[in-house]
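Okay, here we've got a single chain as structure tokens, the form predicted alone, with questions on binding and movement later.
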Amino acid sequence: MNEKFLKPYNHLEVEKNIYEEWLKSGYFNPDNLPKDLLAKNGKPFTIIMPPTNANGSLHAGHGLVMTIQDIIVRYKRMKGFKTLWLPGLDHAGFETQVVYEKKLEKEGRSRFEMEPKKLYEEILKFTLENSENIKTQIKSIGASCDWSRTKFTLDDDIVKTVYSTFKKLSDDDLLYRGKKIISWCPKHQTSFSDLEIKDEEKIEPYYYLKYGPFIISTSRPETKFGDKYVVMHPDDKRYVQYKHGDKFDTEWINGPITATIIKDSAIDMEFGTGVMTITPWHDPVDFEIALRHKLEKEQVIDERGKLLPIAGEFAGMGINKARPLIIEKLKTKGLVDKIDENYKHNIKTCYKCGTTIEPQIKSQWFVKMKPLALKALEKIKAGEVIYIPDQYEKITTHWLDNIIDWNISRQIVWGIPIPAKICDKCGTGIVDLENKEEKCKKCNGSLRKDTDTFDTWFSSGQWPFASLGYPDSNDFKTFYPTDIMETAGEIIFFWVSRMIMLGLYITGKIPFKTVYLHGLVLDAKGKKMSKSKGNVINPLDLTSKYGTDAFRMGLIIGNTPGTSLALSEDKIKGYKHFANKLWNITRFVLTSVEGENLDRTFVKWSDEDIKLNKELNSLLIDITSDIENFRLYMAGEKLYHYAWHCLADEILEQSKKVLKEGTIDEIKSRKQFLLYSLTTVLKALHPFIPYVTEEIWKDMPVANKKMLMIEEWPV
């Protein structure tokens, strides 16, 4: 027996060396897997790693992603699949720019004062430096991904694919540039899609104002300067005397105006007084009403959140400062009917900075989503995409049934530039991949380059086929469609659904067969982790302290798909003891069977060992079924229980007596069982705790032994 087992297991000595051995072997690359292993199956199996944001460090959620995927990949590799786990890094557009803007603020700089090219170069340098750090951290979790195939979302071939998709959408009349109302963040000065808006409940004053013969109500009096249309439901009997198109004069915030009556069925007769004025430039519902009736739209608030000259004396003021002053002025004119000081409602905010979203009318690029969604719905309803847990299927189909067009323009520097030109004269957008167009084909006006970038989710929505080299590479032909997309449930719409739609649209095939969605990793008290709360768990701190294997077991056991996991340090500490227990089990077994080798043809089992073999084989059937059906938490717990309580507490204790008092045949049988059970448990545990099992495996007396990571899954 190797003397190393006389000392306690030291993860710090083992882990770095083991990972280097795995890398040197080349077995993370499916092209290098041994032929005898592939002969067991040989079918391709693919997981595309969700590209990690290259703008920070790994957090506990990343640890969960890497652990779940690595367990599945190691299991499939041992089952003889030609297994590819393709790693990736994400430039993460807006997210990364926000991180870098905070860095600039600390340095007393602002992106708005920088040349776009200079800002881009700085963020690129920051991202590339961080990428190396991220890769090192992913490796430390034990990820057995094929690093030779690493992709970055700004790689030239990825950008080329994204541009090709943009052009195809245009050619197929699924892309348009339209002047529509969009969600705008005044702080970050960019538009967002509907998914990037966060609803926040607030209690604010609600104002009832006199508007001619009517009482209107609003929580945003600062938008009302340009209001000259008063709208009511055509069936509202309270206002039957007013006809559509009637006009009346009234005193308003900055003097007399002429208002027009509009009848529209979008009005909720039960809300407020059933009458409202509209601000088409700053409200989506009002915008649609204005479109239907061909009404004028006037901007009141600029893109910085400041009031424009239409606001008269309030021009240049921020909304929060101006609001009480506007109400005071209305009071002096006798135009305030009453104020509800405790109005509870949801306001839309920027998901990154919490700034109140200001709807604005802007020309942006939009993708028509209905035709793409219909094809995705067909495949999902036909059962071609399996969701785990299955409730996410209903959530997805509901969203797809009600999908709206997708604004893919972002007014930021960091990202993939939109390959298009804009006509200064008529505003037409022209897709121009080769930068050849000089004049507008509609009006012969001059063209300027579009300075916007793509929404990150537009490029990452193409990740499964783009990262595999669509359309001509062998990898695409071999490994697409992929098998499992494992990611967070919170990005089911942002990413997963869009990958399905774009994958089907471009390749004609679904991009993955199974969607496995995990929940959030919470702190020990079940609270969401955040830097401001000071409760963020750094996985590298825990792996350094307790070992990567302990961290992985702590993440998996008790973690059912789709539910959030409360992670405590004590839980991980407990699984450090498990790694030590396995080490001690090995020491006992190797000492007890010294000079003995595992005989795979051994048949002279004792009755007791036949019974123990059946129990172990029954366990194997169970955990294999659990892993195949993504019950990783159950498989891990059963293996933990067997190794600690059954093998160590019962079988090893009983073996002391057999090895001391048994017949020659009983002793031989027990030694073979101890070797068989330990090799089997090591193989079955390897996907869950790869480091300690691989280190132990080196000393196992097994003929024709290979690295544990490419041993055959026990059957």
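Being a predicted model, the structure only gives us computed values, none of them experimental. Start at 1 with the first residue shown and count on from there.
From this point on, the text means the form predicted together with the RNA, which you will not see here.
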| property | result |
| --- | --- |
| Complete contact of 19, 313 and 685 with the RNA in the predicted bound form (any heavy atom, 4.5 Å) | no |
| Exercise: residue 274 in contact with the RNA in the predicted bound form, heavy atom 4.5 Å | yes |
| Distance check, residue 649 to the RNA in the predicted bound form, heavy atom within 4.5 Å | yes |
| Contact label in the predicted bound form: residue 504 to the RNA, heavy atom within 4.5 Å | no |
| Contact label in the predicted bound form: residue 130 to the RNA, heavy atom within 4.5 Å | no |
| Contact residue in the predicted bound form, chosen from 514, 391, 473, 544 - any heavy atom within 4.5 Å of the RNA | 391 |
| The single option of 151, 177, 224, 297 touching the RNA in the predicted bound form, heavy atom within 4.5 Å | 224 |
| Stretch in contact, per heavy atom within 4.5 angstroms of the RNA in the predicted bound form, of 585-593, 106-114, 365-373, 77-85 | 585-593 |
| Contacts with the RNA in the predicted bound form - residues in 552-573 whose heavy atoms fall within 4.5 Å | 558, 560, 563, 564, 566, 570 |
